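Next comes just one chain, in structure tokens: the form predicted on its own.
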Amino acid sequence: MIANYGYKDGSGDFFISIDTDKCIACEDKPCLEACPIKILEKFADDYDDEVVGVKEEHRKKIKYSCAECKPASGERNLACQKVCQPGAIEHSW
């Protein structure tokens, strides 16, 4: 299943999508420590599998929370995606 966290407004779509099937396969969840803002959290899904999601307080401001790694211009350092070995994390913008 693909879980989408974020929002859509007049300036665009701002979502982090996490493929929970791929996320389940990852034992260490290195994305939790890789995110400098710590917007990700571990939780049990509806099937009691341990997966990663975006914390509630960041979902409506994800574009701004992720600005350190995803500036409007210049080099992007998507730490959460780089360390995600199964490739479960995607950004829409």
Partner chain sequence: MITAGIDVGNKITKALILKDGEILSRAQTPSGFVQKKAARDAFAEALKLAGLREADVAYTMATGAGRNEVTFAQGRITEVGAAARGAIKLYPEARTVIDVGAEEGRALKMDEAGKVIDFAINEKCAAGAGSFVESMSRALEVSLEEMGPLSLKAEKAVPMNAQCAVFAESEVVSLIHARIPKADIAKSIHKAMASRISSMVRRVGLQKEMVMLGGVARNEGFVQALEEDLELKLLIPADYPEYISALGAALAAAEKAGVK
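Keep in mind the model is a prediction, meaning the values are calculated, not measured. Numbering follows the first chain given and starts at 1.
Another form, the form predicted together with the partner chain, is not on view; read the next lines as being about it.
The putative spot formed by 33, 36 and 85 is not touched by the partner chain in the predicted complex; no residue has a non-hydrogen atom within 4.5 angstroms of it. Shown alone here, residue 68 lies within 4.5 Å of the partner chain in the predicted complex, counting heavy atoms only.
Within 4.5 Å of any heavy atom of the partner chain in the predicted complex lies no heavy atom of residue 29.
Taking the partner from the other structure, the partner chain in the predicted complex has a heavy atom within 4.5 Å of a heavy atom of residue 60. In the predicted complex, 9, 10, 11 are the residues of 1-38 with at least one heavy atom within 4.5 Å of the partner chain, listed from first to last.
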